Each structure stands twice: as structure tokens, then as C-alpha cells.
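Structure 1 and structure 2 below are two forms of the same protein chain, each written out on its own as C-alpha cells.
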Structure 1
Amino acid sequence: MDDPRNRSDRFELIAATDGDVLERFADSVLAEEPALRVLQEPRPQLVMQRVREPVERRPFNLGEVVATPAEVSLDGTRGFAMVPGKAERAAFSGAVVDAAVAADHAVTEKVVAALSRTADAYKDERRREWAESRHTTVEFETMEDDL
């Protein structure tokens, strides 16, 4: 989740970015009145949350969560976003932002910078959480065969 120019990373970063930030960028893009088609209206729905269990690293279905997907075509470039929760405006804005970055729109560098800040904040939060829980780590002694 490091490179906003990589589409897979960008999907994750858009989902983690504040909806107001996405909306400001989308408004900037849409102010130029590009050819816009909504391919998938933003509607909240249930999606299966898959996670990887930490011991054997196998995926499993954790359960259903509410997410809001949206898809647009902006001057012929497709954009997609799926954001957590019931967030129609953020999903639509995220899809516009995705299409803008894919098409190298004038706002791309500002969007990339904002998404990079989101990635940095995510990493900082993960480090902080790990530091808080690190004291609970248990170290086991190994038993040697005395046979």
C-alpha cells in the first residue's frame, strides 16, 4: 500500500483516505466538465471480508462488512473505488480520483501527494499499535532433547 500510481495500492489508499479530501479533488476534476459516465452508482452493500490467519497464512472469510463501491468513466478512462461503510459521496469521489490519476490529470501530483500522506499515516499508526502491544509478546524457551 505504498505507491499511489500503482492501481492496486491506489484502491487501498483511496479507501483509507478521508472522504472530504477525495471530494475536494473530485470537485476540482469535475469543475473542468469532463465527459463523465457513472458506470456503477455508489450504493452500500455487504461484501465478504477476507483475512489471512497469521500462523499458517491461509485466507479465511471473517464475515460480511458494509462497503460502498462506485465506478465512473471520465473522458474515457475508468475509475473505481470501494470505501468502507455507507459513504456514497466518498465512493463516487474516489472513483473520479482513480480515473483522474489513471489519465494523468492535472491534479494527479496533488492526489499522489495526498494518498502518500495517507500511506505514511497508516504506517505510523501500525507502528504505534505494534509498539503498544509489543510488551505482551511472549518468548518461549526451547526444550532440548536430553535423550
Structure 2
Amino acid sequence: MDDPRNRSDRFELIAATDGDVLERFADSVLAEEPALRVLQEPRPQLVMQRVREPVERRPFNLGEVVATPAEVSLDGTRGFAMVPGKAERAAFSGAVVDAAVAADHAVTEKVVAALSRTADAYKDERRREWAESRHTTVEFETMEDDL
């Protein structure tokens, strides 16, 4: 998830970006009154999380995750986004942003910069969590010889 111009990477970055940020970009795109069609209304839906358990290596259904997808067509260019949780405005805004970047809209550079910041923040957060947890690595000693 490094390249905001790559559609799959962009999807992940939009999903991780704050909804207010997405909304500001979407508002600036929609202010120009482009031909907008909502192909999929932003409504919360369920994604069933499947996990391959390590004993028999068979998948099972762990449970469902709430996510909100949305799809739009902006001046003939489609955009799709899915954000975690119940977040209709963020999902709609994300779909508009996705379409805008795909169409190389004037706002693209700013969006790319914002999504790159999301990528950096995600990496920093992971690095911090990793470092904090490794800072608690312990070695257990057995003491049979001392007993």
C-alpha cells in the first residue's frame, strides 16, 4: 500500500484515511458539479472473515466485519471505496476520491500527498507497535539444576 496512483494500493489507503479528510477532497471535486452517478449507495455491509486454522489447515468463518462500500461514476470514470465500520459519508467520499484520481482530476496531487501521509502514518504506527511489543521481550529461565 505504497502507491496512491495504483488502484489497489489507493483502495487500502482510502480505507485507512480519516473520513473528514476524504470528505474535504470529495467536496472540492463535487463543487465543480461533475456528472455524478451513484452506482452503489454507501450502506454498511458485512464481510465474513475467514481464517485458515493451523491444525487441519481448513478455513472457517471467524465472524463478520462491518464495512461500508460505495461506488460512483464521475464524468464517466468509476470509483470504488470500502471503509471499516458504519461510515457512509467516508465511503461515499472515498469513492469520489478514487474516481477523481483515476480520472487525473486537478485535485489528484493533493490527494496523492494526503494518501501518502496515510501510508507513512500507517507504517509509523506499525513500527511503533512493533518496537513497543519487542521492548517487552523476555527470556524465561528453567531452574532444574538449582533445585
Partner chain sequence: MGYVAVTAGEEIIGRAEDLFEKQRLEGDSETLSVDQLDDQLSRLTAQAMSEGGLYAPRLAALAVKQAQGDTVEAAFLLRAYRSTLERWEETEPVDPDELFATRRVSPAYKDVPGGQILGPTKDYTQRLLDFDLDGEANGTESADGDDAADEPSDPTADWDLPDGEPTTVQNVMEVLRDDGLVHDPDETADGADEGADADGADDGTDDEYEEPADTTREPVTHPPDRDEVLQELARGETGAVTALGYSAMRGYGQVHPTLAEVRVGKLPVRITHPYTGDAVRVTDAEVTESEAVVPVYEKREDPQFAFGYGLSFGRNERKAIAMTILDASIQLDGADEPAENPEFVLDTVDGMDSFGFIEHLKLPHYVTFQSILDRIRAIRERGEIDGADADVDGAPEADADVDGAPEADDRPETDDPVAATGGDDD
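This structure is a prediction, so every number in the text was calculated from the model and none was measured. Just so we're on the same page, residue numbers count up from 1 along structure 1's sequence. The term rigid core refers to the maximal set of C-alpha atoms that superpose within 1.5 Å between the two forms.
- Each of the two structures shows the same chain on its own, and it is structure 1 that derives from the form predicted alone.
- Core-aligned CA deviation for Gly63 between structure 1 and structure 2: 2 Å or greater.
- Comparing between structure 1 and structure 2 on a rigid core frame, one finds that His135 has its C-alpha moved by 3.3 Å.
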